[in-house]
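Just the one chain here, the form predicted on its own, laid out as structure tokens.
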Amino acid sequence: MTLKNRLTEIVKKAFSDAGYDESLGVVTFSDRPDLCQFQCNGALTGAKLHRKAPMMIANDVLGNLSDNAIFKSVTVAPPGFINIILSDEFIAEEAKKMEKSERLALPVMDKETIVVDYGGPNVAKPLHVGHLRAAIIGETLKRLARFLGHNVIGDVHLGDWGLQMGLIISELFREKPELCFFDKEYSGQYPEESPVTIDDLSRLYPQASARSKEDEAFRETAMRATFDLQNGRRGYVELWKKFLEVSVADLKKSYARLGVDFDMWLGESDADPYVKPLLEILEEKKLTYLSDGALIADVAEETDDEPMPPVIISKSDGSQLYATTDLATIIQRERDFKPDEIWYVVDSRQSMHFKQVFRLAKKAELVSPETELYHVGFGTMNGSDGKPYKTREGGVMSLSVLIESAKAAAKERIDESETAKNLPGSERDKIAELVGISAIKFGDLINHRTRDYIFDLNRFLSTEGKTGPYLQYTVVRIKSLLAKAEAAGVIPGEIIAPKNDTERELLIKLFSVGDVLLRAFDDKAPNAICEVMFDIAGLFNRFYFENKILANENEAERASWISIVSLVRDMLVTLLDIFSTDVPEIM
């Protein structure tokens, strides 16, 4: 149990002993840390339930709390708030428990199996800025769930089985018809080396896409190629494997720079074998019917307050849609992983699609009624004009260009830094990469995922304010302080009762992290963790400037402070790891 929950149990008992409903005893961290550290507002809620003035209820409860040794003071404030301040000795004991714990006394939840579907890139297309949010939000949520004790499978869910494959095959045939992959009679071994590079794929797809919009005959050729591929034409399957191999290698490099790592590199093609079982299940349960030649399923409910269109399973020409693939993938995941939850980290604009898919999955009993299917929707990353972020020419910016621009801007600042300017160029490059990536990540993740936000690289790179570089700089400062302490022979010692308000606030904030992690998990909202990290960093820096830590002549206080500094470092590094963010040695 977190400290807040332990306090809640104490206050609940006090309510019960006073004759009131114990559910009123919920304790929260104080909205006014200048007045108290924790508060309970239950007396206000209980006034109507017990037909009694909130102040009378609060004072009745107060009598059951005032003798508890862990409290320095428990007071009642109008119109019925119960304000709690912990004793300094108890705060020190809690800090020591946190210090001695392998995981900083942070909570572990009852283990569940969770599949996180995030990324969603298409094979043969380079990543662009539109892929950023799914990647970093999904990676953070995956790591958070895993840190809290869950069995988590992260799946990239590649777009690798649609018309774009037929388009690329057809365009490649126009350029290199002599390739053995196109010869239906060829029966030999296909070359191990791919006939295309990632640059070829990046060129072929847009060419083919543009051609298909102008040339109906070419589009029909591409559709036939797609059909032949999906029905096992040998040369096309081998070509497709080469496309996949080249594209995935490039995707892995781009994702690695962001600290994003998938457990499974499955795609739409892996779900294809489950389409037939899906159709059989839907038919058996009489959930589908034909409408103008298309196979559809109704998912509307009487309680809907907005129109709910039916799910189109296949079009009149027999082609399948995203809903078909997503439903087939649910069958696959159910059979492979038996997940308790599946999270889909996808743009909020796809909310209707997922409502339809989730409803049909439940109606068809593809998963149990208890399995949670959750759409983790997110807003858009916009430019200064408030529109989706573009290049100066108005095109979609590739993700690698965005990362390089952040790295270059970080490098300019690092080259001017007194501490880093004398480092070799290769070391400054490494630091610039770490700082640039953290600027991009935290510029995004400090916002609630459902919000649109303005991408402002100059602001995100600042070492002041709510930025990734500020967090990194704070950890670098802490490491420098601890190195100086070690060099001076100052060693960590037993944490003793705090001596000033900033020290108390800092420790109480550390105690709040467990509750923040649980809330972030429940809400699927990493920004809550960002906020507590910035609070901790801000309080530490205030503590650092207000106290001459190494110069303190009181040996016990100095040793205690070094232990607290180490605790802050460990907490920030632990939380940064959830965000897959490393800290350079120098900034």
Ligand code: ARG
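Start at 1 and count along the sequence shown; that's the residue number. Because the structure is a prediction, the values reported are computed rather than measured.
Not on display, but discussed next: the form predicted together with the named molecule.
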Contact check for D117, H157 and Q350 against the named molecule in the predicted complex, heavy atom at 4.5 Å: yes
Can you pick the stretch from 117 to 125, 312 to 320, 282 to 290, 502 to 510 whose heavy atoms fall within 4.5 Å of the named molecule in the predicted complex? 117 to 125
State yes or no: in the predicted complex, is some non-hydrogen atom of F354 no more than 4.5 angstroms from a non-hydrogen atom of the named molecule? yes
Does D326 reach the named molecule in the predicted complex, with heavy atoms at most 4.5 Å apart? yes
Closest heavy atom of H131 to the named molecule in the predicted complex, within 4.5 Å or not? yes
Is L278 one of the residues lying within 4.5 Å of the named molecule in the predicted complex, judged by heavy atom distances? no
Out of F378, W240, F442, Y344, which one falls within 4.5 Å of the named molecule in the predicted complex, going by heavy atoms? Y344
